[in-house]
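The chain that follows stands alone, in the form predicted alone, written as structure tokens.
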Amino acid sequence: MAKLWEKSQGKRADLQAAVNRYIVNDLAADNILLPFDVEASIAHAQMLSEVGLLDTESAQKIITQLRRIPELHAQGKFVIRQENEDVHTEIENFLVQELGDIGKRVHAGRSRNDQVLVAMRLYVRHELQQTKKLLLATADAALQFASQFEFVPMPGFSHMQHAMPSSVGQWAGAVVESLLDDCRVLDSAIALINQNPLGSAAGFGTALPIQRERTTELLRFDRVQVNSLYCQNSRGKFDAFTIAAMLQVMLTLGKFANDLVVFTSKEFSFFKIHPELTTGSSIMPQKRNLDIMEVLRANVSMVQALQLQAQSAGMNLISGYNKDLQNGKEAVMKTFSITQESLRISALVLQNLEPDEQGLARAFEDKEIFATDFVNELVLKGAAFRDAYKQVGSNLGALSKVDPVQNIKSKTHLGATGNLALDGYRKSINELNATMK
């Protein structure tokens, strides 16, 4: 079958083949987009019928064939071939093959430019919602961990040195709250993405009497993306924003991962993890490496690089569609894959992690970690803070022994170790889960 734009084979097919090999490099992405392109094409065909650009019988035949495609694709009977460039061409050629001239009518009022835009919007919306589900499941695992070990004392760090008493509950609770903030970022990305570019055609609209509001309704978008030219101009921006939202999630998980790499080491021994989640060494039989958290930590940088890839692809381009933008698809899809797998592995780690209470207890043998608490005791007795600071700082060796559990429970203002307000996180998670479609 010919490409949609092809006029003739020409005498130098070798030249066209060389061009094709260089620019058609994202068939894996097009395979992912296939069900979303089918969904958009069904809505487009229904709209064409409703405005009189396609008779009802022809529209139904097109829709019937479109609905066959995902199943045929799953069976390996519908293959996107490099010579056909992309999923959009493959689908239209299939319709022409099955329906003859009727299949040639489906492209009225649209371009491959707005086809890929709407397919990507549908895909990104779906994947953002899937990511949100995984995020809430990970937040739930972190909350269960925080609740179970709420009052297990754990040193707090500043400048990589012991600072003040903290707790396992406070450490895990910080992960929960960070993920809940990330969930709000995902919601902002969903709100931005959830607008319909279909009908913008090549970026300049069409003289045909299409109804963009109707495809918006059929595809369950919140609104129409109005300006046809901006639909094209927004592509790189939306790709970069989507990845930026994922990067916020990865930054949370990266800090969690880095903490565990450090805190499970023998030098710290704050946590123990199920040995099946560790790997070994080919030469050192004693080694138990937390490789999954090291890879997660590295993947934060990977997502940051993918964000730059998407931003760069869309920069310094004249208004309208430019082929540079094709590189954004791969960046977005890789980001979803990395982020979703990172959320899954983080939840798995939390479900197979426990405090090493002996190691944590050893960390409180140095009484200097309570120095600030002794300062505050003097303040409560009427001393000026700076005078109390100097008095304690000059007598660190004379500090008395403190019960770490009693210490962390004594701090009862909102957010402190004795008042983590974990029930509030539970309420937020339940409310957010209830809103998931």
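Since the structure is predicted, the reported quantities are computational estimates derived from the model, not experimental observations. Residue indices: 1-based, along the sequence shown.
Another form exists, predicted together with a small molecule; not displayed. Remarks below refer to it.
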Worksheet item: Using a 4.5 Å heavy atom cut-off, are M47, R214 and R220 all in contact with the small molecule in the predicted complex?
Response: no
Worksheet entry | Contacting member of K132, H88, R121, R110, with respect to the small molecule in the predicted complex [4.5 Å, heavy atom] | H88
Worksheet item: Looking at Y321, F263, F238, F256, which is the one with a non-hydrogen atom within 4.5 Å of the small molecule in the predicted complex?
Response: Y321
Worksheet item: Can you say which of 110-118, 296-304, 192-200, 335-343 gets within 4.5 Å of the small molecule in the predicted complex, counting heavy atoms only?
Response: 110-118
Worksheet item: Is S166 a contact residue for the small molecule in the predicted complex, using a 4.5 Å heavy atom cut-off?
Response: no
Item to complete: May I ask you to check whether S178 falls inside a 4.5 Å heavy atom distance of the small molecule in the predicted complex?
Response: no
Worksheet entry | N233, heavy atom within 4.5 angstroms of the small molecule in the predicted complex | no
Practice prompt. Decide whether Q326 counts as a contact residue for the small molecule in the predicted complex under a heavy atom distance cut-off of 4.5 Å.
Written response: yes
